[in-house]
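A lone chain, given as structure tokens: the form predicted on its own.
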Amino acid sequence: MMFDQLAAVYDMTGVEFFGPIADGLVDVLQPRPGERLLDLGCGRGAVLSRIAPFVGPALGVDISAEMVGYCRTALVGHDNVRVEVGDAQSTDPAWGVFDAVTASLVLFFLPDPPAALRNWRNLLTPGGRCVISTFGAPGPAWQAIDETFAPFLPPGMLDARTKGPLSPSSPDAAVDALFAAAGFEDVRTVTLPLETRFASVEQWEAFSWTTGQRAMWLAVPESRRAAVRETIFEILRSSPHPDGGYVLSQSVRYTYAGNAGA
């Protein structure tokens, strides 16, 4: 599994990306003291580490056993949190019920997002809520990078980025409709800007190989990677940061959905 291979280096290149996205999710959720929380696709704990001090019993679940191991280490000292291997698509009723369910940059990876959302709602108490993050529209430079990879991507990977309600190009209303169809109420999406700074083009490259974007690199034939690399480096050089390095702009969508009850 790719995320098992990435676990040791995931979010470890010094780039402020997953942390700010997690901060936005926590702000939208507004965690409440004592409530039971489930974080799906917890990774190394970007959301859990921020939210653990504010809630009661919390469970982090990730399909990658390696990610679970690193997350447990990151959460040492938070006795209210446990972390387990589990599938965000096919949730386990044995996990219990929760007042809040979170999932940061997870839903679009799943094979059947509508079914996953129905499963998530079934784990919520009446009056509980679910908050997720997904990608909105990229800025021009990030869009150009995506377009550089696009000719090499298999249909399944390409479709997740270009089609359907969870694609960056879809309107917020399409994301809201997906939640409403799963039985959620009071659904609303807010889109916030995110600027990610890279100290050098080499730092961007290291970052891209240590995130889910690694799958894009692997889709490029080895004989073509040097050319793709140079094209992307030129795109980055066209987006300098005023204080040095380079910046890529990306919008992030946060969708809040409530569970009115059975």
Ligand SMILES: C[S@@+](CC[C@H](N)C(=O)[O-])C[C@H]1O[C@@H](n2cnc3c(N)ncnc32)[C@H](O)[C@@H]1O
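Residue numbers here begin at 1 and follow the sequence given. It should be emphasised that the depicted structure is a prediction, and the values quoted were computed from it without experimental measurement.
Note that the form predicted in complex with the ligand isn't included here; everything after this is about it.
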At 4.5 Å between heavy atoms, only one of the stretches 144-152, 170-178, 123-131, 84-92 reaches the ligand in the predicted bound form; which one is it?
84-92
Please run the contact check for M1 against the ligand in the predicted bound form: heavy atoms, 4.5 angstroms, yes or no?
yes
Residue-level question: is Y246 within 4.5 Å of the ligand in the predicted bound form, judged on heavy atoms?
no
My question is simply whether A46 lines the interface with the ligand in the predicted bound form - judged by any non-hydrogen atom within 4.5 Å.
yes
4.5 Å heavy atom contact, M216 to the ligand in the predicted bound form:
no
Scan 5-31 and write down, in order along the chain, each residue with a heavy atom lying within 4.5 Å of the ligand in the predicted bound form.
Y10, F18
